[in-house]
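Here we start with a single chain on its own, the form predicted on its own, put down as structure tokens.
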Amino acid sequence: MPKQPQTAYKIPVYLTQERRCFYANIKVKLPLSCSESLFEEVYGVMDVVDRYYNSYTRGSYIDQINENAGDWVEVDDYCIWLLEELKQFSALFDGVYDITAMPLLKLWGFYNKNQQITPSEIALKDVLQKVNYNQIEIKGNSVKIAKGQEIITGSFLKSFAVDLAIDFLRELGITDALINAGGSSMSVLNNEIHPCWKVNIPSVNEEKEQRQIQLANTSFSYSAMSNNYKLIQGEKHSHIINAITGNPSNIQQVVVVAKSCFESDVLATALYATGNEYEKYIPILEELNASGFVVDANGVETAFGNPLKEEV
């Protein structure tokens, strides 16, 4: 009987777990050599982020800021870092991306299944006065937002948690792993034995098959209407809203590969929110060494940054 090729023993094999966190299925893949108990620690890192910073978690720092709008709230260093970083991203995108946009989501009925009308111009104008990242005040470890404002963490928090979990694995010396946050964001580690992960990107064109790209020691995020939209009188409205106009974006898809999951998620959301003006903001992503592509409302694809390595 012929001997089995030695290379067969180098094929990576993984332990895999999937749990619910941040209202998404978070999948973790670790090398077979790891202990099953390591999953508890990895998910534990993300659970702490969920508990202390999620705007949907009662008693979290962000929840306290929202509940006490108009008053100062004492928070920790991580919360300050997040808010300062997010304010900078909002400035880069001229306020189109804004984490105080929760009132707009509520106005469009994303938290009211029975709403079947689009907002009036008067209602939009009124709510837009409550959306302004510049009104997030930071003084030392205290934060205050204006009355009527509300911060939403959906565009960045699960990815921030993924980054912390990946950092934790790196500190343990693990060089091959994947954390997939609901399919829309992920971060990967690679080594010589396993030089890349292959990631599927759904096609927005039913006539085209999904694409597959290679990722190595980097992060990926994906924004699209997919199943997260509001259907009003037969028309789909995206959950990603331009915080300047108050209207949902009409872009079909944005894919971003960046150095951190936090950055790729924020950039994908921000670029998606720009809608028809996305070309104006592509240089910002390229300056940040991000790569990817945009599929606009007409199905036209525009790539930016270094070409993504695709499987043929």
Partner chain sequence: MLHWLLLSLMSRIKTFVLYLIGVVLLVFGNRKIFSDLWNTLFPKKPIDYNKDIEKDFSHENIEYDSIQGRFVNHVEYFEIVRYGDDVTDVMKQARSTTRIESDNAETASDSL
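Positions refer to the first chain, counted from 1. Predicted, not measured: the structure shown is a model, and the values here were computed from it.
Same protein, other form: the form predicted in complex with the partner chain, not shown, and the subject of what follows.
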Check: Judged by heavy atoms and a 4.5 Å cut-off, are 24, 27 and 226 together in contact with the partner chain in the model of the complex?
Finding: yes
Notebook entry, point to check: Which among 131-139, 92-100, 68-76, 197-205 is in contact with the partner chain in the model of the complex, heavy atoms within 4.5 angstroms?
Noted result: 197-205
Next item on the list: Only one of 184, 214, 118, 175 comes within 4.5 Å of the partner chain in the model of the complex by heavy atoms, so just point that one out.
Entry: 184
Check: Hey, in the model of the complex, does residue 155 get a heavy atom within 4.5 angstroms of the partner chain?
Finding: no
Margin query: I'd like to check something about residue 283: if you look in the model of the complex, is any of its heavy atoms closer than or equal to 4.5 Å to a heavy atom of the partner chain?
Written below: no
Checklist line | Contact label in the model of the complex: residue 159 to the partner chain, heavy atom within 4.5 Å | finding: no
Check: Quick one: is residue 287 in contact with the partner chain in the model of the complex, heavy atoms, 4.5 Å cut-off?
Finding: no
Next item on the list: Could you list the residues in 51-66 that come within 4.5 Å of the partner chain in the model of the complex, counting only heavy atoms and keeping sequence order?
Entry: 51, 52
